[in-house]
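Consider the single chain below, provided in structure tokens and representing the form predicted alone.
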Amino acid sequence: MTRRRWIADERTETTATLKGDQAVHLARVLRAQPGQVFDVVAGGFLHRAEVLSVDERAVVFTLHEELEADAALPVHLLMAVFKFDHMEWGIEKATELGASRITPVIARRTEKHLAQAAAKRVERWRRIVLEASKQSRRTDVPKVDEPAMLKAALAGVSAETKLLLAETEQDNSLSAGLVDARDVALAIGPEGGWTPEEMALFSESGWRHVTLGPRILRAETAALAGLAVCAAVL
């Protein structure tokens, strides 16, 4: 039977500790007891772990052997901010598909009220990726950056392969752009697309324009389709 997986808030050389909502859930809902065994991610590594003590404020595990685990998909996803309910769904699914980092971007066509409120949503987005990481049995939690204007966001990209999903591109496919790629940044535009000035900024920053095909996709759909292609190719 597959063991329940948790992501530690703190760790020492031999122990891992869960706090906050995770501790409350283990103590109140699951009624965890010392001696029970779970899988715990601590310091980026997956361990078999035995409950040492249980309290609603903190559940402490003794770490045992390290277990084999899959690495995250080496994709840094840049998502222009769009309607929050759709964006939250997209962030959750991007986490499940393995994105290693997510940067929310304030684009020229991002609605003003969304741009103003984005900074206040970051902690919620980080909670979403934590829960999605546990649900999908990841051994890491993707980093969610603070929202940034496009120029600043592009300056923070270190990936060797930088690919922009562009409605105006007809010939160069995403899969072709991934050939021989090891570390990828993938950019998804806002509702209404990037402006010509933003497209030019991408080009000046070394981004290649690629396409997912002839259909116009919603932003969250494009993100998931793009990550699925990355997972298949990489």
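Heads up: residue numbers just count along the shown sequence, starting at 1. Given the structure is predicted, the values throughout are model-derived calculations rather than measurements.
Quick note: we don't show the form predicted in complex with a small molecule, though the next part is all about it.
Enquirer: Is Val59 close to the small molecule in the predicted bound form, meaning a heavy atom pair under 4.5 Å apart or at it?
Expert: Judged by the heavy-atom cut-off of 4.5 Å, Val59 is well away from the small molecule in the predicted bound form.
Enquirer: Do Ala187 and the small molecule share at least one heavy atom pair within 4.5 Å in the predicted bound form?
Expert: Contact check for Ala187: yes, within 4.5 Å of the small molecule in the predicted bound form.
Enquirer: Is Gly192 a contact residue for the small molecule in the predicted bound form, using a 4.5 Å heavy atom cut-off?
Expert: Contact with the small molecule, yes.
Enquirer: Can you tell me if Leu165 lies within 4.5 angstroms of the small molecule in the predicted bound form, counting non-hydrogen atoms only?
Expert: Yes.
Enquirer: Go through 192-200, 175-183, 24-32, 43-51 and give me the stretch that gets within 4.5 Å of the small molecule in the predicted bound form, heavy atoms only.
Expert: Result for this chain: 192-200.
Enquirer: Each of Met79, Lys83 and Ile91 within 4.5 Å of the small molecule in the predicted bound form, by any heavy atom, yes or no?
Expert: No: no residue has a heavy atom within 4.5 Å of the partner.
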